[in-house]
Each structure stands twice: as structure tokens, then as C-alpha cells.
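First, one chain by itself in C-alpha cells, the form predicted alone.
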Amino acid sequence: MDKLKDLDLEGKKVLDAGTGACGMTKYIEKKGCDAISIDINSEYLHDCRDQTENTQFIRANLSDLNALKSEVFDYIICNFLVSALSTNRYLILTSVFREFERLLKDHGMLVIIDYYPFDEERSPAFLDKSQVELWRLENAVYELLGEGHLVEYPPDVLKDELSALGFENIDIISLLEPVPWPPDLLKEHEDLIKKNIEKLESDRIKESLKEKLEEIMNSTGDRRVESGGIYELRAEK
């Protein structure tokens, strides 16, 4: 989380959009802000509530945040949220960003941290084969379930989208150094893929996908799995 160290969050009203594994929620709480963490998945909220002390948690669709008043947040932080929005058919990029614009105070800041596309031709940084294969397998399972899949948006696409909604002073910072995936994040993806595989009807496909997942996880061995290129985008209302 060092990439946010220059932001003065103390005493500020901060929305963690997408609770996930709770890493960002815990980070901003320790910075002394008035934190709200929001996710559509109640399991994430329950798990994170046990790991924090003062954060308020809300279960809601990020495309419809009527439970929150307009122009109240100094910062909205999306930590690896944007690439996951497309896994839920109710979450549309434009409608989510429109809600963020409504919730921010004048001159409030939206901060997006996410991956460059896992594509050798479009990624500006090293790609870890194990991580890319895990990502592709996760997407394949989503497709077989007839659901959306993870989409890594290039930052220029997000910049155009935010500009159209009236955001200004949009700055993109490339973080090209390989960033290690902590074991808990790797395990989180593995468990999620296993859970989704079990939803499939075909036993043959289930076994094939389980074997592929085991092969990928075994390929990591004891080495450090590293992410591809990450960017941080900041946009001012």
C-alpha cells in the first residue's frame, strides 16, 4: 500500500469501494480516516468486520448507492475493483463511476489501483506465467457458468470514461516493478475457483478444471508469484 503513502487520509471521509479480502479497508482505517467499506458480497463484509474496529460496512450494489448521501467523501479508493466489476452483470462501469462522482465532494479524489491487461502485447511489465494462467482459468470458469468475467481495463480507457463524466486532473502512474502476490491473495483466488468449479454440471469438465488448477498451483512451488504491471489512476471531481 506504499503507493498511497502521500495521501493525507487522517480525519478524512474515505470510501473503500469493494471490500474484497479487506487489505485496503484495514490500511485506510489505520490511517485514521472515517472509513466506510462497501461490497455486494456479504461474506467479504462479514470477514472484514472481524478484522477492523471502527469501519462502517455496507452491503450494496455499487451502481446504486442511494443509501449514501451525495458529496460526502474526500476520497473513494478502488483497490483492484475495476477489473472485477464485470463479473457481476448488475455492475456497469459507467453507472459505478457516475455514483462515485455523485458521492465525492468538490475537489474530492477518486483513486483506482488495478492491473494492466494480462496480454504480452499490451502489458508494459513482466507477466508471471502462473498468475496469468490462474487468471485465465478463473475467467474460463466464469464463462462456463454463464457469468461475466474479469476484464483488465487499460488506464487510458478509464481516463476517457472519467473525463466524459466531468472528472479533471486525471493522472496515471505506472507501477511497473513486479509486486508479489501475498499467499492469502493466491489462496483466495484458488478457493474461489474451486467453489465455482463445483457449480458446474459436468463431472468430466469439473475434473479437468480441477486438474488444471492443481497444475497451476503446483507450478508456483515455493517461489514468489508476482503480478504484472499495475497502475494507479487519480481523478479529481
Ligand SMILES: C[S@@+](CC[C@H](N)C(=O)[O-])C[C@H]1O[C@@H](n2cnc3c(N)ncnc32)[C@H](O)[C@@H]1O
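In this text, residue numbers run from 1 along the sequence as written. These numbers come from a predicted model, not from an experiment.
Another form exists, predicted in complex with this ligand; not displayed. Remarks below refer to it.
Although the partner is absent here, Gly229 lies well away from this ligand in the predicted complex, with no heavy atom inside 4.5 Å.
Not displayed here, this ligand is approached by Cys22 to within 4.5 Å at the level of heavy atoms in the predicted complex. Of the heavy atoms in Ser208, none are within 4.5 Å of this ligand in the predicted complex. Among heavy atoms of Val141, none comes within 4.5 Å of this ligand in the predicted complex. Interface residue among Gln56, Gln51, Ser70, Asn41 relative to this ligand in the predicted complex, by the heavy atom within 4.5 Å criterion: Asn41.
Taking a 4.5 Å heavy atom cutoff to this ligand in the predicted complex, the contact residue among Leu91, Leu137, Ala84, Leu165 is Ala84. Per the 4.5 Å heavy atom criterion, this ligand in the predicted complex is contacted by stretch 74-82, the sole one of 74-82, 129-137, 153-161, 104-112. For the partner-free chain shown, Ala60, Asn61, Leu62, Asn79, Phe80 of 58-80 come within 4.5 angstroms of this ligand in the predicted complex, judged by any non-hydrogen atom.
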